[in-house]
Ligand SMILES: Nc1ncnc2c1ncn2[C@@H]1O[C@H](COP(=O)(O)OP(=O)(O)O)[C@@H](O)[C@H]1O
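Encoded as structure tokens, the following chain is the form predicted alone, with no partner shown.
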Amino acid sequence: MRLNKLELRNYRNYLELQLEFPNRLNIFLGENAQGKTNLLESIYVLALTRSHRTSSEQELIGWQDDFAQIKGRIERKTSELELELLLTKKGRKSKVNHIEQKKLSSYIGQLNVILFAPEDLSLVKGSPQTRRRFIDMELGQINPVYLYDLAQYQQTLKQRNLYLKQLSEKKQTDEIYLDILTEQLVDFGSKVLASRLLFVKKLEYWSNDLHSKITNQKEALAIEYAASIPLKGESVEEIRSVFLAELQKNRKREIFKGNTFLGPHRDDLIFKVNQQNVQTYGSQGQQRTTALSVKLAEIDLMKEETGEYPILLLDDVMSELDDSRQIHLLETIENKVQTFLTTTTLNHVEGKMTVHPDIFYVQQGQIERKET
């Protein structure tokens, strides 16, 4: 999978921009706050319809503009696609080959991307919410049906929490509606959980292999899915049975507190290096190596699931890694995936790759390609 052309209009500090990418490695060079991250973000938004940096679409639109537009020409194994995303104050519209897509699940997955930014090094040490978001964004690209199940779960959860609050405040007394919401929550939640469990199992397989190589076979990495319910099986039916029983068991407590305590929205990941919890006991170096292994593992995992390698976005991450981790990162991606890399200096890549990159200079929202 490759992105051959990118067009931006009124996107952050880019008034109008057209770029073509004939090569696999594209480096955007410039000082901080010039627009390098904005460019990588636009590719991410084109793929997933939302930003990794903000939940406000208004922030993506130029300061004095009413809309922003991102277009991309994608080359896949068997076809070429034109993707278009229009962002306005009223919402967003997505098109594939000029045909509007009404469902998110019919758009996401056309362009698969993996973003690796400095904040991703906190995947291991960060909050459970960070790790749940990581699962949702990556799994959603591989399995668009998962996005539908997750959206339905989140919508039902919101309705259930609202009704629990009304029951706790004695504004409602009828628990029959709560039964209906609980059944719906369990139906969608069980599908979400089953998909996550399978994803984590595959992620562990690929991550451990990479982690072993990076540490010269000194460390073994294990990833555990920490569910908020005591799982006894991994099928939708087995999860559903346990989930429903646990919600019924906790009903009085939930009504008293006005909140749903159990479900995918409370789950987490545990990373273990040599059987020791690296989140709690690992060194900073071990935590960074774990995060790097997990992010790079997504490349092969996506290839296995979709049949094509994704596009890799590296946002100033080289400066955060020592020399050995930089080399492992570059060796993993070399001749494999199209990569877009931002940096303030070429020191991190010069002499470490055999691939000849295209270099683009970025200054105040203007991009100039270096002549070769």
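None of these values were measured; they are calculated from a predicted model. All residue numbers refer to positions in the sequence shown, first residue = 1.
The same protein has a further form, the form predicted in complex with this ligand, not shown here; the description that follows concerns it.
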property	result
Distance check, Arg53 to this ligand in the model of the complex, heavy atom within 4.5 Å	yes
Contact flag, Ile61 vs this ligand in the model of the complex, heavy atom cut 4.5 Å	yes
Contact test in the model of the complex: Thr306 vs this ligand, heavy atoms, 4.5 Å	no
This ligand contact at Arg12 in the model of the complex, heavy atom, 4.5 Å	yes
Answer option from Thr332, Thr37, Gln69, Asn26, heavy atom within 4.5 Å of this ligand in the model of the complex	Thr37
Candidate stretches 29 to 37, 332 to 340, 317 to 325, 42 to 50, one within 4.5 Å of this ligand in the model of the complex by heavy atom	29 to 37
